[in-house]
Each structure stands twice: as C-alpha cells, then as structure tokens.
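Next up: just one chain, as structure tokens, the form predicted on its own.
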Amino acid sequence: MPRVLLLLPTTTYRTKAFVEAALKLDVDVVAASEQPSTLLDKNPEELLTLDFGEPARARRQAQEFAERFPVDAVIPVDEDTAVVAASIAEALKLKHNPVDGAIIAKNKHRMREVLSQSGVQVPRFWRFSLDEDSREVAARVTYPCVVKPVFLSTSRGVMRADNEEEFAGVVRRLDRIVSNPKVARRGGVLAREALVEEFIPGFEVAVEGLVTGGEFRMLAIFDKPDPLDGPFFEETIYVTPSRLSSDVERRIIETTGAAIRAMGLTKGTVHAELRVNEHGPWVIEVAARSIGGLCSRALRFDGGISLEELIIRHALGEDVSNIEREAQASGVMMIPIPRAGILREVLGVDAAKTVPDVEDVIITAHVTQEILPPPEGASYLGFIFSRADTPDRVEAALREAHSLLEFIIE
C-alpha cells in the first residue's frame, strides 16, 4: 500500500479532506505537523512532528522517519510547507518540485525577478527594507502602487497607496503587521523585506492546475466578480467555469504556463493569481500549492473525485490527464470580515442554506474568537458553496445567501 506524507500545519482547514481522500484511495497517510500530537507514541507510522520553520531540520527528521516507514510522495498544503516538501522529496529522491522553484514561489520579490527576466508580463516592482526611510522609498516609486510583504498570503499586509503620503502610512501599517512575533517568526530573514508594485487596473482571476514534467495543465479558471482595486484586497467570490472568451482564457493559460516554466516548477499543484486588461494577463502570484481554506470543495471532477483525491493520485505518479472538472458550474464565497472585534453570534445560517443552488454554508470562525479583516487578518468568517447550471446562477446564489447572514461583532 502506498504511503503519502502530508504536511499539515495546525492552522490548515485541509486535513479532513486529504485524509478522507486517502482513505477512499486506500492510501496510507502520515500526517506531519509542526506541533507534536498527544497520540504520537500510539501511532508512530501515521503521525510525525516536523519543524516547518527549519527546512533542513525537517528534511533530516523526515529522512529518519522514512528509514523506518518508506514514503512514496510528499504533499504540502500551503506556502510555508511547500519549501519543506521540496526539500524532503529531494532527500527521499521522489519526483517533486525542485527546492529552488519552491523558494521562488514563496518569495514574491524573487518571483518578480525571475518572471521579469523571462519575459513574463508582471507589474513594475521595487524591493525595499522596512528599516529604510519610507520617504526616500516613496519618492522613487510610481503611483498608484501596491505594497506587500514578500512572504505572506491571503492578502495579508497587501495595501494600495495613491500618493507619497498614503505610502508612508501604508508602510507604517505593514511594519506593525510583520512585527507581530508570530508573523516575524514565520517570515524569518524575509520578515523585514517588502515589495512595491505598480497597480495594474483590470479584473482578476485565479487559476488552479497541476504540473507534470514541467508542463502545466489547467484544472479550473475562477472568475472573481468583485473588484479588487484596494485599498485592501480581501477576496470574496470565486466562480468557475470562467465567463471569459476562449481567447482570453487561452492567453491566461499560456501566461501561467510560461510563469511556471520560468520558475522551474516541475511537479505538483499550483494556484495562480492574474490580472487581465487590454494589455493581456499579468502574473500577480504563482504559489506551489493548491487553493487554500475550504475552497477546494468548489471543485469536483469526473465521478465525484475531489481535488484532494486528484492531488494524491498525481503525487503518486498516476496519469490523471484525462480527468476533467464536472460540467456543472460551481463557486465559493469566502465570507469577508466586516470589522475587527470579538464574534458574539452568527444569525441566518439556516436561512442561507435554503437558498436555491446553495450547497452548503460553513462558519469556521467560532463565537468569542477575535477576528480581524485585512490587511491585518488572514482568515475568513466561513465559506458558502453553490452549484448550478450556469456561473451566473452560482454567483447570484452566493450573494443571496450572504445577504441572509448576520454577524454580531463586539
């Protein structure tokens, strides 16, 4: 029976979906986390503690484990585990993305450099240190611009500035965000680095896909119907299939593929973000992992196969090139956080679930939890899922269900 090593941070929503997919495929799972489980001694073949913050140490830990319990594939679920997964796979001589490619995907500035040098269309960019005089940096960039940390995801710390005065305020705010001890530890040597990009007008899409032998295969293009123009960039609705023309879709796929080749990614999942305008697609980000949160539930493939099942099959070397996304339209709303505070009550969930074409409403935030919207926050209140005959009906159902929810925040 094949054995898969899943790198599952304690903060991930993905554990249940991956474990269920593995059980369905009759695959043994080793759940690796950064914190030891109380059941570790009773399940030494199924549980492993790895230091995700130190890839070299995690590599040694995984090698020692694999000497006793051989592993056939390594699967990361986020940016923080992607580099660790690549390092472990290299040590175990498993087909996977190279370490350098995973590092490029994690470091937004390095990604910009590589893509720009390869002729992939990206925003004009500048790197600076948060320890520099922000007035000097403000004088050498163009406006409007977007300021972001080089290592965070889920729009955390991403802010727009339209002039030098706004730029100074944005930098101060970013400094406070990355100075949080937990965030600083996560960033390591990158914690004080920041990136400035020219703001690219247009609409945004997300692309989900697989890379095999360095070749990209698109699984889905998600429309993002809500504008993402700032001052912050919290994502809300994803709908697939895209309502774009076949020509625009083709250019998005070609641009994503070119970015992946330039970054040196060779095997695994990718989640890309692109903006599109009259000048074509612009690559905003290519992550060496699959879609985050519970959003993977919006994707279903031939025979009811989940994205997690597809990922496991692909990681184990199975040919999945003929497995297609279901014909039905689908989508997800990442329920935005309207304001900071303590969540006291959630109303309207049962009513939202009865909206036609709504498949489920899942509230992931818990009562008494402190919640923060972007740019400080990095999570959502929950997720709404819809399936329908058309993308328009999916979007309408998501919006109607969201309108019935009320969050009491103190």
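Treat the numbers as computed from the prediction; the structure is a model and nothing was measured. Counting begins at 1, following the sequence as shown.
Note that the form predicted in complex with a small molecule isn't included here; everything after this is about it.
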(Q) Taking the small molecule as it sits in the predicted complex, is L152 in contact with it (heavy atom to heavy atom, 4.5 Å or less)? (A) yes
| query | Might F233 be said to contact the small molecule in the predicted complex, defining contact as any heavy atom within 4.5 Å? | reply | yes
Is the gap between E204 and the small molecule in the predicted complex 4.5 Å or less for some heavy atom pair? yes
* Does P123 reach the small molecule in the predicted complex, with heavy atoms at most 4.5 Å apart? -> yes
Notebook entry, point to check: Check L265, E309 and H314: does every one of them have a heavy atom within 4.5 Å of the small molecule in the predicted complex?
Noted result: no
Partner-free chain; cross-checking the small molecule in the predicted complex, the single residue of E113, E285, D100, E166 with a heavy atom within 4.5 Å is E285
If we test each of V158, V77, I335, V239 for a heavy atom within 4.5 Å of the small molecule in the predicted complex, the one that passes is V158
Note: the small molecule not shown here; in the predicted complex, the stretch from 293-301, 222-230, 242-250, 318-326 having heavy atoms within 4.5 Å of it is 222-230
